[in-house]
Structures are given as C-alpha cells and as structure tokens.
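First, one chain by itself: the form predicted on its own, in structure tokens.
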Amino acid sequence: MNLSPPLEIQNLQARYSLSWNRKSVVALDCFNLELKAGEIFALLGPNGSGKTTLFKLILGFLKPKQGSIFIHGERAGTRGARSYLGYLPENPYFPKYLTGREILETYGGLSGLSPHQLRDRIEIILELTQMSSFAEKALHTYSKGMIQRVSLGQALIHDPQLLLFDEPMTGLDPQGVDGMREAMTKIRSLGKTILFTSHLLEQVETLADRVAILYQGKKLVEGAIETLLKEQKSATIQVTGLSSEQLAGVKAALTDFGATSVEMTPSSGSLEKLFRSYTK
C-alpha cells in the first residue's frame, strides 16, 4: 500500500508571460496543499484565481516556475503520477457517434487495461454512474447529465486513487446535481480522494470535507468547513417583540461593547458568506 499523501504541493509558483509587454502574471504564488486519503476537498475562488492553472500543473500539462507536486509520491507529469489520476473536465467532449459503453472501452484501453480487466471495470462503472439504461445508445442522443455521467465513467475506468473534477455540477438540473453528489459520496466511500472546483457553494457546503479559497493566485484560507464557519467573526441575534426605539437601543449597546458593525437583519453563517468575506 502506498502511504504517501494522494496529493502534496510545496511552495508552488506559476507564471504566464505577456508577450506584448514582456511582463508576466503570477497565476499561483507560494501555494501549498496536502490532501488526505479518502476526503473530498473543494477548491474555491472567482474566475482567474488560479484554479484551472493548478489543475493543469497537477495533470502535468504545465510546468511550475518553482515548487513541486507529488501524487502518491510520484512527481506530477510522470507516467507513474498519471496512473493515479482521473480527470473530469468542465466541458467534456466525445465523438457523438460512439455509445457510452464504447467510450469506456476506448478510455480503458488507452489506460492499459486488458480485455478481461476492462470487461469487469465497465460493469462496475455502469452501476456506479447509473449508466446501464443508456450505455448502448449513441452520445448524440444524450442529455447534459448523461454526458456528465459518461465523463465521470472515463475518469474512473482505470481505478485511479485521486480524482480531479472541474466544475462537475455546472449546467446540471437538480436531479443531475443530486446524482453527481451521490456518485462523489460513493467514490469517497471506496477510499478515493477527490479534489474539485465549484461555484455552487451550497453544494460544496454539504459535500466537501475541507475547502481552500484562492484569490489572485494566493490561498487565503484552508480548513474543515465546520471549523471555518464557526470562526467567522460575526453572530446572529434574533429578537422579537421590541419596538424600533428598543432595537436602536440594542444596536447602540452593541456598539458600546466594541462592535464595529451591527446589522439588524436575520442572517446565518454559510460558506457563501465566508467566501464573500475573503474575496470582496
């Protein structure tokens, strides 16, 4: 058994050159991260914060300016590292004339599975992704949700230990979102590790074990969602039966106690509120 962390990133820096003015943009700066086996980790941040760059670096499509990335002890970009990885892109594309089963056969073959191994893995994947009812149909008949299940299947076909999911729920209807969330939970129960990005903060809050917030290439905060939400420096006080004059008195008293801001509206701690507080 490989006891190395599923993903270990140390002092990572990535830059993009701007040829028109001979300058460069820092896409990631001094980024560190270590994932635990069997967890779901969410990477949050506005567009342009460095999430896509990080995925490309982990997959070996880009080389870092400095720092290192190890996947179960193998340096990113090597054949050994790729064998541990499964990737679900935000906008998957497959030949529309192939069936779902043929997609799995193709990607399984490219991953080096023998015909016997492939036959067994396909049946497991069809059940896990709930593809059995449409696996023999051509992809041009598929809905967005069905395409996403096929993409999930190709990411899982070679039984990887670390899964990278780029916006896995984007464009899905509520039923599709529920299906993806259920699949990700099942994958975690198999001991796999998932790193995913998402703008659907409500879904992240119910699914992820830990999160990190990226902004302009820097990691602002990282931790368990429950812990981070408890650490928000705000509280909700809900009262009934007070007049407007009495409420004004309550607000004045809180200000006297040192409160820098008092909003007399109902609110509650949430991942969205935390995200906005770091990226506003």
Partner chain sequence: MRALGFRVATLTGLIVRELLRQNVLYLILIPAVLTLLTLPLFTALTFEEQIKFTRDFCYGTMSIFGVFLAIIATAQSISNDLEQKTIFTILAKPIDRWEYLFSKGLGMSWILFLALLILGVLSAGLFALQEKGLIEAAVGNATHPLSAQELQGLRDQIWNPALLMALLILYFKLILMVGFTILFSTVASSSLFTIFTSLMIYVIGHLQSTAREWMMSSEGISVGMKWGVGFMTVILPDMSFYEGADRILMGASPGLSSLIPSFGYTFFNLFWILGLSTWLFESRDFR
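The structure presented is a predicted model; accordingly, all values stated were derived computationally and were not measured. Residue numbers count along the first chain shown, from 1.
Keep in mind the form predicted together with its partner chain is missing from the figure; the text below concerns it.
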| property | result |
| --- | --- |
| Heavy atom within 4.5 Å of its partner chain in the predicted bound form - the one residue of G171, G191, G73, P89 that qualifies | P89 |
| The unique member of T197, Q154, T129, Q148 whose heavy atoms fall within 4.5 Å of its partner chain in the predicted bound form | Q154 |
| One stretch from 201-209, 156-164, 121-129, 171-179 that, in the predicted bound form, holds residues within 4.5 Å of its partner chain by heavy atom | 156-164 |
| Touches its partner chain in the predicted bound form: L62 (any heavy atom, 4.5 Å) | yes |
| Partner contact for S17 in the predicted bound form: its partner chain, 4.5 angstroms, heavy atom | yes |
| F94 within 4.5 Å of its partner chain in the predicted bound form, heavy atoms | yes |
| Its partner chain contact in the predicted bound form: S143, any heavy atom under 4.5 Å | no |
| Members of 106-144 lying within 4.5 angstroms of its partner chain, judged by heavy atom, in the predicted bound form | T106, Y107, G109, L110, S111, G112, L113, S114, P115 |
